[in-house]
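Coming up is one lone chain in structure tokens, specifically the form predicted on its own.
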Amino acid sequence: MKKILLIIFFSNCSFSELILEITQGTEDPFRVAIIEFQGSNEISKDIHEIIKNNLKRSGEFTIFDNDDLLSTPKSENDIIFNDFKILNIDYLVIGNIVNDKLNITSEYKVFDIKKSKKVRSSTIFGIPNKNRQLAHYISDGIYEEITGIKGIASTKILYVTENEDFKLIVADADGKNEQVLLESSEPIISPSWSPDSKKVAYVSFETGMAKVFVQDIATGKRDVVIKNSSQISSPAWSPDGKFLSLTMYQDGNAEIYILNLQNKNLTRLTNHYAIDTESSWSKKGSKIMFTSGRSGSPQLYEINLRQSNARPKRVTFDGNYNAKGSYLPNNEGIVFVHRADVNFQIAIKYFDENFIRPLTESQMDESPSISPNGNVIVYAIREEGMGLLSGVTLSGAKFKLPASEGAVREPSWSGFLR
């Protein structure tokens, strides 16, 4: 019987909503007081909760609400800095919401309590009924001002859920606002964002074999990237969005190829009897890292694309399994799946160090994806037989995003959307 593939674009129904659970924070979080914004009462409460949860999710903040404070200033002139110094609070955030039914605007200010001075004043323009988006933008501004790192609350994540069928879902970074991009009775794997976060590439088995599709997020239009009889998997976008690196079984063996998306020309990158797969690009597009079994066990290798006839260089040596590698956005190192004995862990290796740093402690961690600011890694785990997403920051905070139903796997983080 022929299998039926169902495409759903921007569904507002929540099939397996992710539910955020903070499991561990940093040892010395920033202590921040957020006064509920002035203005529309209903909108202010909604935005206040989203901002608070966004900052809490990072694990780097302890948030003080109105009821926790000695005073709740409504404007800059009302601030009594000593009231916040007594509570050992580091920063204060105040703001207001203006809703004229055509547009919604938020003005907010951040104050450094120890210095008794204003350090940020920003205006964010939003649209009606998009309170979450507005709150995410505010959260990112607060996060960047306090930590010095760009915020990621306004970014998106892709993931695959499996229950009675398979769904490719895009959601806000906090797991809310889910939209089903694709639903199929056949497996969907290896989702990957384009650099501008307007398209996604993924592998679907709907034709009876692994094929790579590219789909436009806004329109839902999608196309198979190569129409041939070979199994194709593990797509990864070049930083300029003009190429995909792929794993193709064209001659019966898994090799890395580069596909020019405009003219469909294929360039073979590897040639070895061992399996070569799971490629990823460096930030400038000058190198490609991939997993290979050519040393007898899965290890990470790297090819310099700017050198003619360059040979793959082995990158990992510790442990009996290192795979699914990605470059940190600042190019300081790589993140990958590592096994030293029996457990599969997410690990990081900085290029200026000769050792590996395990970041997780579970038995079966897989598919790490790095946030665009390089500070958070989301990955798939199995807990009590159920697949779910988990996350860890480089400062040690941890969180989980289990689904209300079904298994969740294959996460992929978007780039910055503003």
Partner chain sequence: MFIFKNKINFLIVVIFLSSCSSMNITEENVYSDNVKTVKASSSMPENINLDSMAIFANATVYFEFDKSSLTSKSIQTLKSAVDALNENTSIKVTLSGHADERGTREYNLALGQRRAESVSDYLVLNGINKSRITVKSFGEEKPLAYGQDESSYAKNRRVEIN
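Computed from a predicted model, the values in this text were never measured in an experiment. Numbering follows the first chain given and starts at 1.
Unshown form predicted together with the partner chain; subsequent notes refer to it.
Within 4.5 Å of the partner chain in the predicted bound form, a heavy atom is found for every one of 215, 234 and 364. Residue 89 falls outside the set of residues with a heavy atom inside 4.5 Å of the partner chain in the predicted bound form. Shown alone here, residue 254 lies within 4.5 Å of the partner chain in the predicted bound form, counting heavy atoms only. Within this chain, residue 81 is remote from the site of the partner chain in the predicted bound form, having no heavy atom within 4.5 Å. Using a 4.5 angstroms threshold between heavy atoms, residue 329 stays clear of the partner chain in the predicted bound form. Stretch-level contact analysis of 66 to 74, 382 to 390, 48 to 56, 31 to 39 against the partner chain in the predicted bound form, using heavy atoms and a 4.5 Å limit, identifies 382 to 390. A heavy atom within 4.5 Å of the partner chain in the predicted bound form is found for exactly one of 179, 96, 282, 147: 179. The contact with the partner chain in the predicted bound form, taken as any heavy atom within 4.5 Å, belongs to 124 out of 305, 124, 269, 315. Contacts of stretch 260 to 291 with the partner chain in the predicted bound form, defined by any heavy atom lying within 4.5 Å, are made by 273, 274, 275, 277, 278, 291, listed in sequence order.
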